[in-house]
Ligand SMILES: Nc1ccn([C@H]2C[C@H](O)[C@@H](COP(=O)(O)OP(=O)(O)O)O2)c(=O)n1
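Here we start with a single chain on its own, the form predicted on its own, put down as structure tokens.
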Amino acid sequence: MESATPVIVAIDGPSGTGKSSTSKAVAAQLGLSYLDTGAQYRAITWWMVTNGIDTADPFAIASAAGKPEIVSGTDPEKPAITVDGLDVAGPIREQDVTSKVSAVSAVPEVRARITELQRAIAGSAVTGIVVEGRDIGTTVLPDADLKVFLTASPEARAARRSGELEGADLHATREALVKRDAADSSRKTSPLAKADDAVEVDTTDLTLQQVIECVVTLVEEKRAGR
């Protein structure tokens, strides 16, 4: 592939839309860096839980937000994340963290800290980067070259999520997704929202491969149109 202009791609959307799988595959296929911003919020939540911070107390969270050192790897083939030098890629996916991440993420001091980190990583990506999350196109990188917003029906998203979570109850998974969407969409600071200039892709009836091809095409069109 010829050395293409660096391109910053923002991929937003709720859980279970295929965001992570799509973002990683697109980045790998196009030789771009990759950043999972949700993992960063999970990492800071894991740190709070591990250090006994009361995650129901926004003031306690805010005062501790600057303490953990979070380092994100940007290799789409093996995205790494460490907190204070510890590999937390596994622990941050556990239920204890999942159930608290919306509350921790809603605290403005946490969002300011993580947003700053995300912008620094995106700004230093030499070949360009695919950044996935919930507020990338609206808040973190409003000047991204391409913004994609993935959606899917709650049923499709719950089916995918319960497929990922061994033995998960489909109904319970759907309820949890809907609850988290409501929390993330209604928070005051950087809510989950579609940017006005984002391309919406409904993944309900698409295979993962079709979604990847769609986004790769959008990125290539954006590069060619410069």
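Everything quoted here is computed from the prediction, not taken from an experiment. Residue numbers here begin at 1 and follow the sequence given.
Although it is not shown, the form predicted in complex with the ligand is what the next lines describe.
- The partner is absent here, but in the model of the complex a heavy atom of A39, alone among L30, V201, A39, I61, sits within 4.5 Å of the ligand.
- The ligand in the model of the complex comes within 4.5 Å of a heavy atom belonging to R111.
- Although the partner is absent here, K147 is not a contact residue: none of its heavy atoms lies within 4.5 angstroms of the ligand in the model of the complex.
- Within 4.5 Å of some heavy atom of the ligand in the model of the complex lies at least one heavy atom of R180.
- The closest non-hydrogen atom of V101 lies within 4.5 Å of the ligand in the model of the complex.
- Counting a residue when any of its non-hydrogen atoms is within 4.5 Å of the ligand in the model of the complex, the hits in 174 to 194 run R180, D184, R187.
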